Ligand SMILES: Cc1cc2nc3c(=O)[nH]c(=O)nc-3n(C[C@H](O)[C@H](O)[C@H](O)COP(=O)(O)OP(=O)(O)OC[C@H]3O[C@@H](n4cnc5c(N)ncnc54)[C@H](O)[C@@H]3O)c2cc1C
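Okay, so here's just one chain, in structure tokens, the form predicted alone.
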């Protein structure tokens, strides 16, 4: 597809066609502005069946498994998963499978410094980053969960209220300015939720109902039906408190249809991560299609932005390279020119582009980087997982991956001492925790005990974990006994996930590798990542204790495994395991890549002002979770959408 330059030129050039880029393109296109999107990945397929087929045949059903470029091939002794060398790909990206290969640049897109810590409780210990992203049209919302929660007012004033991290620009006032855009974002995504449970929840955080939900406001669709799993927690956790805060279950607002509309109604498939087979779940391709239908938006696929040009302090163009096939040579290059520019390429590729653009006079450290803040403060909601077996069947593996959570502990006085978290109730059994249903099957077929169900394991509460005490340890089953055993296990599996807020740390950063490049010759991200603060580590301690209390209240047996002692040296150092206060923890990524080009009140400590506009270049905007000053406590996508809608209004005001 070639670019047709409109008579007056492009008003806006956008890099990236994920949810942020697509929302801005649609808002501008509706207003009659001429927009060009540069998308590094391939077009949206006419049917998602090809992606589904790739997912079905993938050996590992990770979040990235359906999408190009291919992440698995023929294995070998040194590369058992057959992961492609990122140097051979034009748009490589970081995947979950690469985490265990984090110190091997021939298999891992990110380049990490070697581990220098000598103790597993050393705050300077470095880790593999836990979350991944996509480089395809529609972006990472292809594999998002669909959780659509607001941040809380105190999330925006963490420093003022609790003395931790930083405030968002303007603090509580920023929250107020974002409220109308939160409402608009629920319409854009098509959020399914019942109003009253959310009103009941936000009242506990001193949010007035008329501050969050106007008298005529409601969600676009009613809530998704809670699972039997949710009902069990609803009945059992209300007697518990964490840090003197009572627990109760809240249905989770979902970015998926609870009833037929422009998209199909959710059919309860539990593989919404990595892909919804019927597009009941919203993804960025929905808004991208709407943007293109305005007739004012063009998109150029397989086009990788590689440099930002400046004329004085203004952006004058974005250079790009094109390619035809993922492993083929570059087939062309050019410069896209507009009146305004928007970077919407996520929190890894956006800072990479800014840092690569270091040839402009006066900006040797890259575009928009006079503050030296580009790439810094990389964050995630680091996750603690806990799992168990219920006494009675709750029929796991049915419904969306999560339909409810325990939200009441997202804020409180405890935030002076430890990180807040929300507790996600999983409907997918032990799929994430142990790679079930496969691992339990293998245990009972081959006489193994990787799940602790088929041996002599005992949990930390002293309970025997052998599922059927009448069977000998390490049983090898077949026929009806195997089927009955598996069914009785699978329908009782419980999983909790704690999304623990992480504080900004300027030394957690994305830089450019001086040694490793992709197939287009562009430097790959060098990532340094730590969890230094006791504030965050205390969140893990709290989450572990809370899990045990919750499972006991449910009458369930906890199967959470204590991680092996971390290995700090050799060819396979532990990627995500650390020790703290005598305990060993493994963290998981929530898929929330946050920070690296943050908003702030000062040009010396942030990249963007509160309008998401570069302090250094007034015709340059950046959007996405990279603008967040802190992780806050909600899954980020609804806030990403709200901020994109806010940025679109700012750009329209600038254009006049």
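Residue numbers count along the first chain shown, from 1. Note that this is a predicted model, so its numbers are computed, not measured.
The same protein also exists as the form predicted in complex with the named molecule; that form is not shown, yet it is the one meant from here on.
Taking a 4.5 Å heavy atom cutoff to the named molecule in the predicted bound form, the contact residue among 411, 436, 230, 349 is 349. Interface residue among 141, 357, 98, 475 relative to the named molecule in the predicted bound form, by the heavy atom within 4.5 Å criterion: 141. Within 4.5 Å of any heavy atom of the named molecule in the predicted bound form lies no heavy atom of residue 629.
Although the partner is absent from this view, residue 600 stays clear of the named molecule in the predicted bound form, with no non-hydrogen atom inside 4.5 angstroms. The named molecule is not drawn, but in the predicted bound form it has no heavy atom within 4.5 Å of residue 595. Within 4.5 Å of some heavy atom of the named molecule in the predicted bound form lies at least one heavy atom of residue 590.
Stretch 339-347 is the contacting one of 325-333, 99-107, 339-347, 557-565, since its residues have non-hydrogen atoms within 4.5 Å of the named molecule in the predicted bound form.
Annotation for 386-404: no interface residues with the named molecule in the predicted bound form [heavy atom within 4.5 Å].
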